[in-house]
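Form predicted on its own, single chain, as structure tokens, below.
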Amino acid sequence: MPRPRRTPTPVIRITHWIGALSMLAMIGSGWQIYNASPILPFSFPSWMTLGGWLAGGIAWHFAAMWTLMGAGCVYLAHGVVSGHFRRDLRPQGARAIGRDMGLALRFRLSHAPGRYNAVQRLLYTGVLIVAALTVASGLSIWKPVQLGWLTWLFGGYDIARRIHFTMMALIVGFLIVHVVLALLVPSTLFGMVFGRRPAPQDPETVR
């Protein structure tokens, strides 16, 4: 007997979209803040930034940060209590990851709606870790005196800034991959928007 097809719960859907919008606001405002004191030999064009100037970027950044942290705490609590992390996101073994990665690179990785393959599990678990490092490094450069111990753990203020920027770049990379895969396998986007899956079909394959 086939397993029932799970759909994203309302908590997952709501926190997903709040988190997505908050993350976009944080990235745009973060680039505005970065432009005030670049750590690399380039700046972001104004159309890619949010806030208009340094103080505006900071205001947007912190507003989005608290919104993201609130949604993140709800998502984490739900993921633990509901078993979502254990059931859906727990990474699989190296063999399964290698197999699915090879299929993904050849655009032959099948996807059954409501189930997570080894590549998805690895990416989603990885981005949660990156998000935690982003928050921690962000706090360390926000309050380098009050949270001096945290800044010290990151190797000092300047290194913490570079770590924060690197984590942001990884999140941007994840978002690009995530959006491309959602467009290639639209049933996942359908379920995240409407809370239900399209009519049952054979597992979709990204080709």
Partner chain sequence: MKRPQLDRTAIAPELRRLERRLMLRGMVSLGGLSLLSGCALDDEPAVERALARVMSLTDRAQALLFSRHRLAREFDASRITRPFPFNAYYGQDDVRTVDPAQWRLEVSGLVADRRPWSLAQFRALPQKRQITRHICVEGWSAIGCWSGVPLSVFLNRVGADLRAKYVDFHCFDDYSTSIDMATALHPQTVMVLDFDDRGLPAAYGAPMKVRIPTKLGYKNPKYLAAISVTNRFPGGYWEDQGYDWFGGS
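Numbering follows the first chain given and starts at 1. All of these numbers come straight from a predicted model, not from anything done at the bench.
Beyond what is shown, the protein has a form predicted in complex with the partner chain; the following relates to that form.
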- Position in contact with the partner chain when the complex is considered in the model of the complex, options I18, I12, L184, A25, heavy atoms within 4.5 Å: A25
- Message: I'd like to check something about L50: if you look in the model of the complex, is any of its heavy atoms closer than or equal to 4.5 Å to a heavy atom of the partner chain?
- Response: yes
- Indicate whether S46 is a 4.5 Å heavy atom neighbour of the partner chain in the model of the complex. yes
- With heavy atoms only and a cut-off of 4.5 Å, decide whether I171 touches the partner chain in the model of the complex. no
- Message: Please tell me whether any heavy atom belonging to F165 falls inside 4.5 Å of a heavy atom of the partner chain, as the geometry stands in the model of the complex.
- Response: no
- Message: Is it true that S37, A59 and K143, all three, sit within 4.5 Å of the partner chain in the model of the complex, judged by heavy atoms?
- Response: yes
- For the stretch 69 to 95, which residues lie within 4.5 Å of the partner chain in the model of the complex by non-hydrogen atom distance? none
